[in-house]
Structure formats: structure tokens, C-alpha cells
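Heads up, the chain below is alone and in the form predicted alone; it's given as C-alpha cells.
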Amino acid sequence: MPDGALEIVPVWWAVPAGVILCALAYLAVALDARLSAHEDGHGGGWTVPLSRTARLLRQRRRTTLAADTLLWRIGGAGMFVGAFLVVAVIPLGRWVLADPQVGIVWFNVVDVMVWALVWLTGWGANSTHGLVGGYRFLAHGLAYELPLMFALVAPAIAASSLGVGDVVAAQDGLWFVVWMPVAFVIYLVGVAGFSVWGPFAPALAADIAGGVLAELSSVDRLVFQSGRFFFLTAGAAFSVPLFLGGGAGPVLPGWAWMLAKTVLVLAVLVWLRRRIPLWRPDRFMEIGWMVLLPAAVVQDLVVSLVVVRGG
């Protein structure tokens, strides 16, 4: 897709887009389960998402005393819906549901919403463990969000646009990941953060009885957990038009390259979950503000200088 032109497709394409998101999220869950099974020394794992879903749907829905049920449900369902909002601005090859001139801002707004959604899920249950988990996530959010915002700025500066289509078009001949590796890495850290994934999972840790998950059961737990994997998948997919040239690639059509690159990034994120220990919010605050944030600002400065010198 050398000219970067995107074709806006009818709204009913949201259905196949949702199916693709679900399929990729299933792949992430299955791969995570397969890696866990391999570490435990036994096979299997690929059908784990189906068995987990069946087990959760058989459970009774838990209720707690004086819970704010409405906000509790909004928090869990919001995680499920938010990822679909991100997918709306991610091109599949040359097709996209919407290509607003502020597509990057749209993505950032949705990821900031996760702050409220996770906290509401922990707070709404009127449970101490859930509330502690919610505040742990907020503490992590304070550390990863600002570096993530500056990482998102780098492709926008290079493309002189906040539109995702313009960012893809600006990578004709050279992907942004080549000269924006710092922004790319910080972006992936942010994806793990708003997906409550890997080192950012203390909000769900065993030392607080599962934290935000402590009082979730049955379909509520299924929706929240699915939302986490949907966000992880959507974040991996959004990295492709931002840093990896979108659907650009030889031989295969653009949509195939888009899916292949998304699967690769998603697999790396799933694999890294076991390689990086949990980060305490207070310690990661130091990393986020004293390492990642200055690094992202320097990256933006370098990109700005390159753009200015290039005319």
C-alpha cells in the first residue's frame, strides 16, 4: 500500500472486524495457556479458552453486600467494549472502519478510559481486595500513561498528522520502528500496562486474593478477562500502522501482512509475560518517570529534528 490510501468500509464490516479481534484474542489466550502447560511439563493448552469459558459460565454469579452493581458492571463490560472502539481506527490492509484525522488521539482516549474501568471494577464490588487492586492499577497508570502519550506523539510528528492513514502513508520505504525504536518499546510497555498484563498485573495478584478479580465470577469474570485480552490484541494491532508500516510487505496482500505482523507482536507480548517479574507500582513509578519519560521526550526531539531538517 505505497500510497497509504485507505478505503472507508461500510459499518457492517464491524462484524468481521469483531470476529477477527475475537480470533486473535483466542490465539493469545491459547498461546499463553500452551506456554504455561509447557513450563509445567505437560502438553495441551490450545483448548483451554473453551474449557475456561465453559467453567465460568457454569458458575453462579457472585454478589457482595452493598455493592454498586451498576458501576461494577460498567467497569467489566467497558473493558470488553473499549477494545472494539480501538479496532474501529485500525486499518486491515487498505480497509478501515473509520479514519478520523485524530485517530491517534482516539486510541489514547480509549486507553485512558481503562483507568476508570479497572478502578470501577475493583471499587464497585465494595470489597477491600478489589479496591486495593484498583488503586494498584491507578498507581501503575500514573507511571506508564505519560511515557505512552509521548511515544504516540513520535509517529504523529513524523507524519505531520494524527490520522492513522497518514501515519501509514508516511512509512512508505522506511518503517518508523527503524528510527523510533525507543518509542516503539515504550508503546509496547503501555500496551502491557492498559491490558493489566505481565509486570502490570499486581492489581490482580494473589497476595490480595486476586484484587480486582476477587469478587468477579461467572459471566462477569469472563467479560473482564476477555476485555484484557481484547485490549492486548488491539494494542498489538495498533502498533502495526504506527510503527511497522501497516499492510506494507512483499507478495502477500496488505490485510495478510497486517494480520501477520499483529500475530507476531501479540506473540512477543504473551511470551514476555513470563520473562518479566511483577513490578511494584512505587518502583515502576521511578522507572516510568525517570527513565521512560525522558527517553520518550528525547525520541520525540530526535524525530522533530529529522522532520525539520527534511523540510
Partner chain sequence: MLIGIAFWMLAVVAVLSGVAVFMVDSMARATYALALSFVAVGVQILLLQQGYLGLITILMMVMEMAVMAVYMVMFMGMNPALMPMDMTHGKKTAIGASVAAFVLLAGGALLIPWPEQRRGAIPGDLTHALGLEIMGEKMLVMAVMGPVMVATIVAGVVLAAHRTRYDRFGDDLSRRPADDPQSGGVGR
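None of these values were measured; they are calculated from a predicted model. Positions refer to the first chain, counted from 1.
If you look for the form predicted together with its partner chain, you will not find it shown, but the lines that follow are about it.
The closest heavy atom approach of L142 to its partner chain in the predicted complex falls within 4.5 Å. At the 4.5 Å threshold, heavy atoms of L131 reach its partner chain in the predicted complex.
For W179, no non-hydrogen atom is located within 4.5 Å of its partner chain in the predicted complex, even though that partner is not displayed. In the predicted complex, its partner chain sits within 4.5 Å of a heavy atom of M290. With the partner omitted from this view, the residue of S161, Q225, S239, N108 that lies near its partner chain in the predicted complex is N108 [heavy atom within 4.5 Å].
Contact with its partner chain in the predicted complex, judged by any heavy atom within 4.5 Å, is made by just one of A98, V185, M113, V81: M113.
Only one segment in the set 229-237, 123-131, 166-174, 90-98 has any non-hydrogen atom within 4.5 angstroms of its partner chain in the predicted complex, and it is 123-131. Annotation: in the predicted complex, residues D40, H42 and W271 none come within 4.5 Å of its partner chain through any heavy atom.
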